[in-house]
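Single chain ahead, written as structure tokens, the form predicted alone.
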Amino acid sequence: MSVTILVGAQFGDEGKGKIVDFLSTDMDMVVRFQGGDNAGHTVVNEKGVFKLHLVPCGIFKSGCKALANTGMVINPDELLKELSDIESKGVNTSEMYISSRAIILMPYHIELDSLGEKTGISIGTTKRGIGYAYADRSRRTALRFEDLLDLDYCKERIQKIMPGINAELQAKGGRTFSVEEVYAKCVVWAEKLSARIVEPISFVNKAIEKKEKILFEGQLGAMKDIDLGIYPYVTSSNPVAAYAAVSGGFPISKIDEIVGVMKAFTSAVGDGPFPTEMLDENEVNGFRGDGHKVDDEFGARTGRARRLGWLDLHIVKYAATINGFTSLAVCKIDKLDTYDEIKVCVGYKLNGKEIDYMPTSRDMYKVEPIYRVLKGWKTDTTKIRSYDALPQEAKDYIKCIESVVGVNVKYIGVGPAREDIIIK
């Protein structure tokens, strides 16, 4: 195993942080390949509880390089805060690196995002500027981290960019930013982050050539992919496995394994269709928790209560199709311990006919989930560490997933901590 990619198989919040943290103990490098600080990976290990938004989860292994790679939009203020928080708990961050090609998320991107949610089409964004930073990348008006290495050039870029940015801000009723204000931020960022900036293509490819074990971690999940997800209720990047190679600048032939991470049920944050959503709060109590536990169903970034529903295998099978999973990690199976019966969506009907494809977002509001009802196991699984020791009903649940999705389950999460895992 040289190159492994780990991505979400649902709407995000599947438990990727836990699985990355577990797998990173055997890695030489962990790479985040898309997204920004609009979502979080929760990690629970011997060093404490961490909610990582920009720093790759491999930061906790001594000697493991952590790279925030091309394809990401990075708010330097948030990155510095996150690094400080991690360091305060005794974690060495000296091997945390940043791609010179990563986009700098600026204060005006956050202002534009907030204004856009108020004045445009609201999709329930986190208002952290992610979409506007990606928009500027496409408009070729964004700054990249490489610009911090030449501050004279950086200032020239800012002088050219700001008239258009301020015109848009004024048109939407927002505050404007002076060239001096933005440049001053860049000077501070350059001072604090320049030593971490690397040329990413050679950085990654040299590691691949040396047969180093590299894990690429994605943010969010397949259904939030801007091209393949529930558009327009999506993120602004591609959280699918192929994008790790696209943004990383290495051939897809180098990929050895693709791990799809899923929850034993379904959750979502933000607007958009959700065919298996439970609308009765009493029904979801077994999933949600009261917010006092680290793995209760509240957003790691937003703190918002997640929308919850029964497991939707039509979505997971779609995610397997577009990603090419070689294995699955099923997290939070312990959250099903108290249910007498467990419903699993194994397909969709649209206009009374069963379909074998992922419908449009509009049609997803109309689909009828086809449910299979399985018997619950009514047993505490949190202390179980072998597949053979699981109740037969829990094994039947895993077999149902494998049968419908067509991919073998390799990892089963039975709690939030690194060691709360079964390897099948």
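Note that the coordinates shown come from a computational prediction; the quantities given were computed from them, not determined experimentally. A residue's number is simply how far along the shown sequence it sits, counting from 1.
One more form of this protein should be noted, the form predicted in complex with ligand GDP, which is absent from this view; the next part is about it.
- Site annotation in the model of the complex: the residue of E111, E82, D334, E146 reaching within 4.5 Å of ligand GDP with a heavy atom is D334.
- Only one segment in the set 58-66, 38-46, 384-392, 362-370 has residues whose heavy atoms sit within 4.5 Å of ligand GDP in the model of the complex; it is 38-46.
- In the model of the complex, no heavy atom of D21 sits within 4.5 Å of ligand GDP.
- Although the partner is absent here, R306 is a contact residue: one of its heavy atoms lies within 4.5 angstroms of ligand GDP in the model of the complex.
- In the model of the complex, no heavy atom of V405 sits within 4.5 Å of ligand GDP.
- Contact annotation for 180-197: no residue has a non-hydrogen atom within 4.5 angstroms of ligand GDP in the model of the complex.
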